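A lone chain, given as C-alpha cells: the form predicted on its own.
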C-alpha cells in the first residue's frame, strides 16, 4: 500500500467531464495572475484507494505526449437489463472518457458507478476490484489447503510436511483456543469448518489488502455485513430452547416482558452488527491512516517532513500486519462465543433441582 500511495500522489490522472471525481487526487485552483494551479486533494486520493472500482488501477505513467496514462487491469462488466445481458470489459469506458453503446442502451461511468444514459434500470453483476480480490483469495485458500490435504494423504497423519507444517498449528490453535473453550468439547466439531473458513478468509484478504495496489476487500461494509449475517444465521439456527427462552421468556416479572423482549430481540441483531462494524472500521482505518500520513508531505509541500511521514507510514504498515491477523482472530472468537451462547443448556436450573431434591 505504501508504494501504491506514493505512485498515486506523484502521478494523477487528469479529470474529465465523465470521469469519477474520486479518481482524481488534485483540484485546479486559479491564481491571481490567472494561471491554473493544481492543488493536491487527500480526500479524493484516499477515497479512490479504499473504494471499489470496475478496473484494477495501479498507477499512472507519463507518455511521450506528456499526458498521464493509467496502468490498470480492465475487469468484466456484466449488466442485465430488460432481459438482455450486456457483457464487455471496463476498458471500453477508457477511464470514464467514453460511453459504451449496446443496442439501444448507452452506458457511461459516473463517479465510479455505471449508469444508463436514458435512465433505464439494470442489474449490475460486474466483476469489480473487490470481487476479483475475493476470487484470488479463494484460489489461494483452495491451493493452500489442497496442498496440505495432499501432503497428509501422501505422508499420513504423522509429522506435517510442506505447507501443512504452517497450516496445522493455526488450525489447532483455532480449535483449541477458540472453538473448544467457547462452544464445548462435545459440539465444537460441527462448527469448525465455518470458523476455520472465516478465520483464514478474513486473514488472507486482510493481507492482500496491504499489497501495493491491493483491494480494500474487508474494508467494504457489504463484505463484513455478509460475514456477520452468516454468523447470525448459524447462531440462531443452532439456538436451543434455553437460548430462545432467554429471548422470548426472560427471567423477569411478567409486567417487564413488553420492555425486555424487544431488548433481547435487539440484542440478537446487535451482535452481528458489532461484528460488521468492528472488522470494517479497523481495516478501513488502517488504510486511511497510512494514506493520510503520506498525504502530509504533499499538503505541506515540505521535504523535511518526508522522513518523519515515511517513518510513521512504515511503522503503521508493520502494525497493520498484526491487525490483519488480530481482526481475523477477533471475528472468529466472537462468532464462536455467540454460537456457544446459543448452545447453552439449562445447567444451573438442573443443578438447583438436584440440590432441592
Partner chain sequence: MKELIEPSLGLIFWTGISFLILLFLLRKFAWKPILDAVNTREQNITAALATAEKARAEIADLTKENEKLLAEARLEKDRILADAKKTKDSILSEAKTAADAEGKRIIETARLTIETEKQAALTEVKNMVATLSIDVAEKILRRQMENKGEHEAFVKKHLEDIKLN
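Numbering follows the first chain given and starts at 1. For clarity, every value in this text was computed on a predicted model and none was experimentally measured.
Although not depicted, the form predicted in complex with the partner chain is the subject of the following passage.
Shown without its partner, this chain lists 221, 115, 89, 261 as candidates; in the model of the complex, only 221 has a non-hydrogen atom within 4.5 angstroms of the partner chain.
Interface residue among 267, 158, 103, 253, judged by heavy atoms within 4.5 Å of the partner chain in the model of the complex: 158. Residue contact check for residue 196: one or more of its heavy atoms lie within 4.5 Å of the partner chain in the model of the complex. Taking non-hydrogen atoms only, residue 203 never approaches the partner chain to within 4.5 angstroms in the model of the complex.
Although the partner is absent here, residue 212 lies well away from the partner chain in the model of the complex, with no heavy atom inside 4.5 Å. Not displayed here, the partner chain is approached by residue 149 to within 4.5 Å at the level of heavy atoms in the model of the complex. Shown alone, this chain has one stretch from 67 to 75, 223 to 231, 242 to 250, 94 to 102 that lies within 4.5 Å of the partner chain in the model of the complex by heavy atoms: 223 to 231. Here the marked residues 145, 168 and 175 all reach the partner chain in the model of the complex, each with a heavy atom within 4.5 angstroms.
In the model of the complex, the partner chain lies within 4.5 angstroms of at least one heavy atom of each of the following residues of 50 to 72: 50, 51, 52, in sequence order.
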